[in-house]
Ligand SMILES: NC(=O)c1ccc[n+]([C@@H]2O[C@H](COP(=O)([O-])OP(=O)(O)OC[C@H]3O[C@@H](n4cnc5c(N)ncnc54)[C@H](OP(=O)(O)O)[C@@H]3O)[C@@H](O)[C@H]2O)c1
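Only one chain is given next, in structure tokens, and it is the form predicted alone.
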């Protein structure tokens, strides 16, 4: 894992809510990264840089040419991340977890706060993620949609689940989604498991096994469906969240990034959940 020992002295002082942040987006030409970039541009944010993998067909092309806007921004290889981060206020990661394992430590080395959406983290990632949290404030979440955030809050802050009921999670995603079960399903299952025990869920992003059963379905272009089933002998409680459009993920991620920017002047380094920064439904 790359060192996180240095800090970018050329980056402007963070925490200037009177102006929009300068943002570097990794995976800027993908579904999530592209949608996030469009939201950021529409809201007057400055796209400071766009990172793609070295083998990407989009490498060296302007975002405007790729249908995203920002004709002044040309995509850069992940190998040039350090120079792209110079002058940036925030890093937004919409790249796969395999890429973030290389990118995030380098972001922390430059002292740039981060918002990430990768899934597939394992317990082996915990030690170095904790080291990242000692250097920068960052948010790591598998599903930024506001509805999923509400479900998290329900499990985190709601009553203990009824005794004698069996809890399960059912999830459905597009046929091409690689992780199975999804990171959101694992987080919901872990939170439900804590509620069964009467504890307070931590909603850690690390995708460790849980005793709550998860049924995974893959088909078509389903953006995302998550259900919590609470089944008794004579009744069933079912809470369902359906994503109607993938822009829900990008909009929620943009809301979280905005909340992080507003709180940076007084925000200590550490790993945060969107609920630590936002009130559901607002930036």
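Positions refer to the first chain, counted from 1. A quick note: this is a predicted structure, and the numbers were derived from the prediction, not measured.
Just so it is clear, the following notes concern the form predicted in complex with the ligand, a form of the same protein that is not shown.
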Contact segment among 212 to 220, 38 to 46, 22 to 30, 234 to 242, judged by heavy atoms lying within 4.5 Å of the ligand in the predicted complex: 22 to 30
Proximity of residue 51 to the ligand in the predicted complex, heavy atoms at 4.5 Å: yes
Exercise: residue 99 in contact with the ligand in the predicted complex, heavy atom 4.5 Å: yes
Heavy atom of residue 144 within 4.5 Å of the ligand in the predicted complex: yes
4.5 angstroms heavy atom contact with the ligand in the predicted complex for residue 182: no
Heavy atom distance at most 4.5 Å to the ligand in the predicted complex, all of 155, 168 and 191: no
Residue (of 132, 118, 151, 73) lying close to the ligand in the predicted complex, criterion heavy atoms within 4.5 Å: 118
Among the candidates 95, 92, 108, 139, the residue which, in the predicted complex, approaches the ligand to within 4.5 Å (heavy atoms): 95
Interface residues of 73 to 91 toward the ligand, as seen in the predicted complex [heavy atoms, 4.5 Å]: 78
